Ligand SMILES: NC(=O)c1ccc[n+]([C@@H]2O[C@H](COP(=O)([O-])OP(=O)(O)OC[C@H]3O[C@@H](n4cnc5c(N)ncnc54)[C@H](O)[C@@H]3O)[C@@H](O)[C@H]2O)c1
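As structure tokens, one chain now follows by itself in the form predicted alone.
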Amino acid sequence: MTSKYERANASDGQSRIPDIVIGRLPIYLRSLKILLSQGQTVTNSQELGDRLGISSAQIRKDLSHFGEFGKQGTGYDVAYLCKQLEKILQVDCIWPVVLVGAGNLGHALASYAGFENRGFRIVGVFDNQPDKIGTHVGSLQVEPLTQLPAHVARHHCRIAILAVPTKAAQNVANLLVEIGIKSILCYAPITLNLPEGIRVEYIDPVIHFQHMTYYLEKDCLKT
């Protein structure tokens, strides 16, 4: 789904808002939610920058793409800025999500309580393994992949989580695209080959481990 900001940019001839800017907005929103939960009502770009390791100038520049949210000398109203970022990111509603893969990772994801209060609800879990079909993952019963198209249509799903083995990931992703999924959160350690316009975000903990170990003094188990 194209945001109103991208549509506005396209209509007035301006360039699209850089994706790297969009990628930082959820980080700002998360930090603001923490401040709100702590009872803080006002913040500023310097405080946010100190918390996040991002310059205050960068935060102000990012937010300026979407309007003026604070006043010089008084900062940002935390609750107001939260609501505005939720609208911009289109998480001021609940997005239905299907989860493919009912293994250990799928169980953990389906049982995670932190999705819904941030705009997402897993509405179905699917697998092709007979021993998993009919079992329960969290409050949901695992269904066969054959039921996936009807479920996606019934719940108007546009987002899927892919938590299947690497060898199955591409085929399952192809199926998801065929039945109308537009965005995939992929936990398989693979780069998917999908049509233009399909948004994929990858989560591979090993990549992050390997990034971190570059900066460590070598003191690991011998292979």
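Note that the coordinates shown come from a computational prediction; the quantities given were computed from them, not determined experimentally. We number the residues from 1 along the sequence you see.
What follows is about the form predicted together with the ligand, which we do not show.
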Seminar exercise, completed: Students should find that, of I179, A57, A168, I198, the residue having a non-hydrogen atom no more than 4.5 angstroms from the ligand in the predicted complex is A168
Seminar exercise, completed: Checking A150, A79, V91, L145 against the ligand in the predicted complex, the residue with a non-hydrogen atom inside 4.5 angstroms turns out to be L145
For this session: Please run the contact check for N128 against the ligand in the predicted complex: heavy atoms, 4.5 angstroms, yes or no?
Result: yes
Exercise. Using heavy atoms and a 4.5 Å limit, would one call V100 a contact residue for the ligand in the predicted complex?
Worked result: yes
Exercise. Could you tell me if F66 has a non-hydrogen atom within 4.5 Å of the ligand in the predicted complex?
Worked result: no
For this session: May I ask you to state whether I184 is within 4.5 Å of the ligand in the predicted complex, using heavy atom distances?
Result: no
Exercise. Which single stretch, out of 30-38, 45-53, 58-66, 157-165, brings residue heavy atoms within 4.5 Å of the ligand in the predicted complex?
Worked result: 157-165
Exercise. Any chance all of G106, K132 and A188 sit within 4.5 Å of the ligand in the predicted complex, going by non-hydrogen atoms?
Worked result: yes
